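Shown here is one chain on its own, the form predicted alone, set out as structure tokens.
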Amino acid sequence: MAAPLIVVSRLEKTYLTRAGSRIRALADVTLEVADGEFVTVVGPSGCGKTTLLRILGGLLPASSGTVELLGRRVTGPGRKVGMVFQDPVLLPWRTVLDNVMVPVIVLRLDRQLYRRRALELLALVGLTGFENRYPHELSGGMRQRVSLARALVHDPALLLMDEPFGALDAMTREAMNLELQRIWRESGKTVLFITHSIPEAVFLGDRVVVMSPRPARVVDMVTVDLPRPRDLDVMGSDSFGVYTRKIRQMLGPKGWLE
């Protein structure tokens, strides 16, 4: 395995509610993600997966423990991280290209240089010819492709994805899984991907991080030894079934949704 790109050590997160009580969301979470690796995270609904992702992205402070990206402690949002959420959150008054360019504007990067990169990324995600369309003219899957291109435009080292395909229909979701695998292989990015779907986690991941109910702990890390690139037929294989059953047994009957 390559050297760690991100190192999470004994991470804890406790929220204080308005009523004054404390909710422990994360407990002693420790993991490493190697450069170029695709790691998926599954766990029961509400266990703290999104909290973990937001801390890794610098959007939330940890209560204790550390997160290091490229050897530097994460203390807030930074240019080295790109994020994709379930809702693409596109600006309706901006074209596809202009939406992709938003991080370039926020980070005050060279617009001419990064406009070329934005166009290259739109080609990579299969949206050549849609540069001047508006979000309302796109399907759900296409809007999520725009969101992915936007997350990559400033060339982050780490891509964090929080159930990005959860709102899509089954066929579109499968198509997006294939596309994401291709984009990951072509871009060489490191990806941490949260999902409720065990099959999706196995299909996409080099490793699957299995989380416990809240407060979330790492129950196990399952290495997925399936050849790449993977096509949808692999989901019907005996090997694929072994992985999904193993993870489902860890989560128990209340922990899985699909």
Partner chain sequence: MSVLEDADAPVERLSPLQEFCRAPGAFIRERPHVPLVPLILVVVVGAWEVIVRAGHLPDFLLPAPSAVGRALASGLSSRLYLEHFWITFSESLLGFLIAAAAGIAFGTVIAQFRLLERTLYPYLVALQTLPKIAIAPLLIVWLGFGFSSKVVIAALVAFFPVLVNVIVGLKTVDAGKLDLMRSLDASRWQTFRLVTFPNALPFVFAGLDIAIVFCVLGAIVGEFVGSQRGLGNLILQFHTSLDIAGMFAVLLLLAALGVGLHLVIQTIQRRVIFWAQADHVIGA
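Positions refer to the first chain, counted from 1. Bear in mind that the values here come from a model prediction, so they are computed numbers and not experimental data.
Another form exists, predicted together with the partner chain; not displayed. Remarks below refer to it.
- For the candidate set A118, I183, M83, V96, a heavy atom within 4.5 Å of the partner chain in the model of the complex is found for exactly one residue, namely M83.
- When contacts are defined as a non-hydrogen atom within 4.5 Å, all of V102, R108 and M142 contact the partner chain in the model of the complex.
- Although the partner is absent here, G78 lies within 4.5 Å of the partner chain in the model of the complex, judged by heavy atoms.
- Among heavy atoms of G166, none comes within 4.5 Å of the partner chain in the model of the complex.
- Although the partner is absent from this view, G188 stays clear of the partner chain in the model of the complex, with no non-hydrogen atom inside 4.5 angstroms.
- By the criterion of a heavy atom within 4.5 Å, R217 is excluded from the residues contacting the partner chain in the model of the complex.
- Remark: of stretches 201 to 209, 25 to 33, 52 to 60, 225 to 233, the one touching the partner chain in the model of the complex is 52 to 60 (heavy atom within 4.5 Å).
- Along 190 to 217, no residue reaches a heavy atom to within 4.5 Å of the partner chain in the model of the complex.
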